[in-house]
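What follows is one chain in structure tokens, specifically the form predicted on its own.
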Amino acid sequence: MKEISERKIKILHAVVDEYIAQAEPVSSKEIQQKYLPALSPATIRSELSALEDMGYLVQPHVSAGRIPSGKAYKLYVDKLMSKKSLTPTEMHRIKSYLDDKMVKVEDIVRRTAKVISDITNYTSVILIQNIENVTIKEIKLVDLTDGSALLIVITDSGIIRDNIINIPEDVGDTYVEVAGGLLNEIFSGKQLKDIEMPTEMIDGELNKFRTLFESVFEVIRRHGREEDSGVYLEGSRKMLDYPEYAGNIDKVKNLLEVIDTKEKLSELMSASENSLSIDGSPIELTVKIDSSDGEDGLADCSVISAKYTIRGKEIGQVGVIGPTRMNYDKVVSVLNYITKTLNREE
């Protein structure tokens, strides 16, 4: 910040804000009229030229105004971005999406991805990576009809699975109740990654529960395997509505290749030496801003990501992909508020 004067900072801030809003090169006249009426257009033009020489601005054409460079966006996010509050309507919408007390983790994740995309109007991504670290709190069995029961597995993050499983027929009225008690003795308090089939416990007298225990064990383990690398994506085509991508087939093709590939999305969401951290945020946020030729498929793109936690349990990462001129303060506010909502005290 020492290399750039306070006046240049104000002008650069104005250029970034205006370009984020309009997606058009910003002129000295617009800056003077909308942001800095005390400065003359000639002074602003001189400062714009200096900012261009410093690498913060780009002039697409000789007669055009300026647009921010990747360097400008990084400075904006790091030092200039204001804190923006969500509207009461937006907060109510988020809470209504996520307010169910007894809901499966998969449903919470899908709702989270949808509400983020709907409110920001960008593409949202959630990667589930740590589901095996959740702890089983309770297992419920509900007798349905002869030969079947509803299995509900409740963890410290919510319900991870409800399945219809088979049970032996003609086993008596107390079979499901007794089996449910035994299941809780075996599995309650254990993390998914530590679950093992206790074959030695179900020999002899408990052998009549073997088939049911094996079914429950397989449901739990299958869930851990399936969700360990799950990817939830919402609004994947919203980027195509922005002028940066409209009509540019190569950019569109590269972007869709990235968001359709789990490995590339995982790499994109991971922190790197080129990422920025946002100071003063209640949660740890990482920002990646494209400043290259987009060889990684993300020309004119930025990504904001954070740890994804439900009721204090980290189960993956959540992120937003948008144009480089995305509304950063709005995205940060949404991610902060959603994290607060998901981790509020019950």
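Numbering starts at 1 and follows the sequence shown. Everything quoted here is computed from the prediction, not taken from an experiment.
There is also a form predicted together with the DNA; it is not shown, and the following applies to it.
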Query raised in the report: Might residue 289 be said to contact the DNA in the predicted bound form, defining contact as any heavy atom within 4.5 Å?
Result: no
**Report entry** Heavy atom of residue 311 within 4.5 Å of the DNA in the predicted bound form
**Finding:** no
Requested in this report: Check whether residue 317 has any heavy atom within 4.5 Å of a heavy atom of the DNA in the predicted bound form, and answer yes or no.
Outcome: no
Report task. May I ask you to state whether residue 54 is within 4.5 Å of the DNA in the predicted bound form, using heavy atom distances? Result -> no
Query - Heavy atom within 4.5 Å of the DNA in the predicted bound form - the one residue of 39, 299, 306, 58 that qualifies - result: 39
**Report entry** Partner contacts in the predicted bound form for 60-74 (non-hydrogen atom within 4.5 angstroms of the DNA)
**Finding:** 61, 62, 63, 64, 65, 66
